[in-house]
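First comes one chain, alone, set out as structure tokens in the form predicted alone.
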Amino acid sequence: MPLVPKEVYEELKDYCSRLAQRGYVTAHGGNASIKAGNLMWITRHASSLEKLRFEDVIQVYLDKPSSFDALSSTETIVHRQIYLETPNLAVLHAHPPNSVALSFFMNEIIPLDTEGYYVLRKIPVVEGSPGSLELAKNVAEALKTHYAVVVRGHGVFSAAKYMDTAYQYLCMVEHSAKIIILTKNLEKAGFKFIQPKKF
């Protein structure tokens, strides 16, 4: 197996651990990758993001399949398509509960909170089975014009040139989703919604 650069492993381990600590992934869910040139380093299929091991990072090619594809995440096809169609160099995929819950009711998520709206504007909700070409194309197309996308009933993909930025986008999606749900519950309880004047 090709040797994975230590700095790549350390960065993936750090951000995978952050996703797990926030409760955005459970057990062996979620995946992450980094691109450099024609190579992509991605988490292994069914690896635990809570305690990512060195051998849990797999090197694959962007422009051709290899025998190591079988070891990599089920969503490798999605990550690869994102890199082929966008200038991003880092991709995160997690299953944050509030974002997934909203995806059953919305075709796009428009943040109510000022920060979320200012940065994200809106988050598309797309369809596709996990690990499918349909999903790969739908996610990559959405990420051409947005920082993150929610797959209905599945989870969030975020992408950026830096892993820290991709992580920020994913966290913002879930934070905005949580605020929407809290706000809707307060409205049901009888509170009157007040639109911010400078929104």
Partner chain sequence: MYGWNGKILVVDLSNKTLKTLTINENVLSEYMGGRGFGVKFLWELTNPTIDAYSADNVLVFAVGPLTSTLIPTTGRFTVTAKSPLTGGIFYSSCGGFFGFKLKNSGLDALVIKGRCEKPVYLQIDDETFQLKDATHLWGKTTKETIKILEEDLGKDYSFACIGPAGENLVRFACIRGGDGNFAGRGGLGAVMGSKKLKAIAVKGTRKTKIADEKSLTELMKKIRVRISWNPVLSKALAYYGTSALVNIINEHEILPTKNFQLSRFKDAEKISGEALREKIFVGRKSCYNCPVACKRVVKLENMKVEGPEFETLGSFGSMLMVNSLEAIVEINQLCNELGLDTISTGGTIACAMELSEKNVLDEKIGWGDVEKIKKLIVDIAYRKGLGDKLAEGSKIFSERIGFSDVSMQVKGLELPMYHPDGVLGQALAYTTSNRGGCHLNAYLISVEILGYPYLMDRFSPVNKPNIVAYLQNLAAVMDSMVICKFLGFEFDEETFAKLLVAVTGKPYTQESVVAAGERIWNLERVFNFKAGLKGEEDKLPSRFKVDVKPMLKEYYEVRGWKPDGFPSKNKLKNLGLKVEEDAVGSQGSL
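The model shown is predicted, which means the values in this text are computed figures rather than measured ones. Numbering follows the first chain given and starts at 1.
What comes next is about the form predicted in complex with the partner chain, which is not displayed.
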{"query": "Candidate stretches 158 to 166, 32 to 40, 51 to 59, 145 to 153, one within 4.5 Å of the partner chain in the predicted complex by heavy atom", "finding": "51 to 59"}
{"query": "4.5 Å heavy atom contact, residue 99 and the partner chain in the predicted complex", "finding": "no"}
{"query": "4.5 Å heavy atom contact, residue 70 and the partner chain in the predicted complex", "finding": "yes"}
{"query": "Close approach of residue 26 to the partner chain in the predicted complex, 4.5 Å, heavy atom", "finding": "no"}
{"query": "is_contact(residue 2, the partner chain) in the predicted complex, heavy atom dist at most 4.5 Å", "finding": "yes"}
